[in-house]
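The chain below stands alone and is given as structure tokens, in the form predicted alone.
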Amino acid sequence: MERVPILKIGDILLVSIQVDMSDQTAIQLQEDLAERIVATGCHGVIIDITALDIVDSFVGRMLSTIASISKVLDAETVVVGMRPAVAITLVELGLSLNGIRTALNVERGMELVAATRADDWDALDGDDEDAETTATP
């Protein structure tokens, strides 16, 4: 069975899918990615699908499942490198990639993860300030 490599770049895990996704490969990727998120404490996952010519309903569900697992483990998922034909196919199949943000390339994906984390921290900081302000007489 082929394994999909998972690379750590700063606070982000980069997954570049270069093989056809069989059921077993997809399940192994989900498990490997969950373990790596926990082991590294990364807060972002970028899945590069540039090499995929076809994204069917199985791959679409697999991407959604990975995004859900990552979210539970406090990591945002961004899919990058989607070809126009793949996007059209997903729309025609009626597949929505719930919980997944998309970007044109890896660089933009990294920027999106960084911006999302910054927004999360700003929201937390704002909540803390409000709580202190209302708690103080």
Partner chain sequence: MTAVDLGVPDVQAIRSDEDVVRVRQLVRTTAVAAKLSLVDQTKLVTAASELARNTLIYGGGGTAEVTSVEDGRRRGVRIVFADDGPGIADLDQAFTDGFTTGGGLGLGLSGARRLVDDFDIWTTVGEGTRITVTKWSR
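Numbering follows the first chain given and starts at 1. Just so we're clear, the structure is a prediction, and the values are computed from it rather than from any experiment.
The discussion below concerns the form predicted together with the partner chain, not included here.
The partner chain in the predicted complex is approached by residue 61, whose closest heavy atom lies within 4.5 angstroms of it. Interface membership of residue 85, defined by any non-hydrogen atom within 4.5 Å of the partner chain in the predicted complex, is confirmed.
Contact check for residue 68: no non-hydrogen atom falls within 4.5 Å of the partner chain in the predicted complex. At a distance threshold of 4.5 angstroms between non-hydrogen atoms, residue 15 is out of contact with the partner chain in the predicted complex.
Candidate site formed by 20, 55 and 92: every one of these residues places a non-hydrogen atom within 4.5 angstroms of the partner chain in the predicted complex. Stretch-level contact check against the partner chain in the predicted complex with heavy atoms at 4.5 Å: of 23 to 31, 36 to 44, 101 to 109, 70 to 78, the positive one is 23 to 31.
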